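Before any questions on how it binds or moves, here is one chain, the form predicted alone, in structure tokens.
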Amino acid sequence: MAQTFQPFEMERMMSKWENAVEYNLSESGVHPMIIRELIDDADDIDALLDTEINYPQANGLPALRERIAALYEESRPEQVLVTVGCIEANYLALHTLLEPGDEMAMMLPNYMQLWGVARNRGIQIRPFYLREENDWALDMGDAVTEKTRLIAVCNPNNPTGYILTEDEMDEIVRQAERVGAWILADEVYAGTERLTDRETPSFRGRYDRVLANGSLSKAYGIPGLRIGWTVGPENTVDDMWARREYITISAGMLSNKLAEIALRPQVRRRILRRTRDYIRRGYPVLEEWMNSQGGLFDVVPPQAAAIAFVRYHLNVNSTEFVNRLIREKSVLIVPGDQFGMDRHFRISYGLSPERLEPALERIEELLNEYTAS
């Protein structure tokens, strides 16, 4: 008997509304770059204009895979697969490493793609948690058993912006080693640190059964390139490559070329400075606004990413609130329901004040209507 399809609720909502509202505060990256910001070299522009718009090397242009491999210790281009966003890398990992009936331990709250893919594939999910009452500290509990084939983490975390400590990372590795499980590490927010210039370390290199997945969408502010990657053992990466030949075959030629430019060391440093500037200017604007709302909000300040996961004190369901916000105020944020945590919302602050402040004013208008009634 066919299993009921589990849609990806957050992406369903964002797909329908993110380009239809006046103010989109649902995105978890910073305000996107324009091409003129990315490329400031006339020779690079000429080279792009002379590019033959053919299929690229299907697992990623060699020059791009070299750039990605250089981000991870003791990694080679042969251990890299360039994907259509990190979302494809995550999808391929589950379809490569797990079969229906297998068991996966998953960090919650989290970007819920893997949860939905697992549900649709008949994979059993055992959650472990970041605890809000402990400032989102890790609580593995008894989630990892002898049947666990894979442990899924997101670090820095979406939606909380929490960065695992070294001890917490070591604990996840110990649990994986104990049962021989894979670690699937979604690391797309590395480079978005709010309080430090030290980049969040990867799980890659801490254990031999790790897939480290990343992308240019969040820390780099160029989500429209749709470039992601996985880095792991060469045979496993090749198995993932074989499976993607049934779906996307490759990312686009121009996206590969632009991604290679973005990951050149000097360009990458400039992009990450831009990203952190948006985050460090934007959070005080959001924080001041929340503090002005008379105790309506509680939040553990995010350590990374351009998002905050905010608890609110209103007797209204989060999806109901967000649907009204879309219809009546033309503002989009993400309801906590879509992370399994009602009375919360995820909100972006990685924008200029000129975009962020008017959006917050509109949210406040709706809040006032609720508090007045």
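The first residue of the sequence shown is number 1, and the count goes up from there. All figures in this text were calculated on a predicted structure; none of them were measured in a lab.
Not pictured, yet referred to below: the form predicted together with a small molecule.
Student: Please tell me whether the candidate spot formed by R276, S348 and G350 is one where all three residues come within 4.5 Å of the small molecule in the predicted bound form (heavy atoms).
Tutor: Judged in the predicted bound form, none of R276, S348 and G350 sits within 4.5 Å of the small molecule.
Student: I'd like to check something about G85: if you look in the predicted bound form, is any of its heavy atoms closer than or equal to 4.5 Å to a heavy atom of the small molecule?
Tutor: Output for G85 is yes: heavy atoms within 4.5 Å of the small molecule.
Student: Considering only heavy atoms, tell me if T230 and the small molecule come within 4.5 Å of each other in the predicted bound form.
Tutor: Result no; T230 lies far from the small molecule in the predicted bound form.
Student: Can you tell me whether S28 touches the small molecule? I mean in the predicted bound form, with a 4.5 angstroms heavy atom cut-off.
Tutor: S28 belongs to the contact set for the small molecule.
Student: Would you check, heavy atoms only and a 4.5 Å threshold, whether C154 touches the small molecule in the predicted bound form?
Tutor: Yes.
Student: Work out which of Y111, Y162, Y220, W182 lies within 4.5 Å of the small molecule in the predicted bound form, going by heavy atoms.
Tutor: When the small molecule is considered in the predicted bound form, the option within 4.5 Å is Y111.
Student: Of the residues R204, R268, R226, K257, which one places a heavy atom within 4.5 Å of the small molecule in the predicted bound form?
Tutor: Exactly one listed residue reaches within 4.5 Å, namely R226.
Student: Looking at 86-94, 129-137, 194-202, 289-297, which lies within 4.5 angstroms of the small molecule in the predicted bound form, counting heavy atoms?
Tutor: Only one stretch qualifies here: 86-94.
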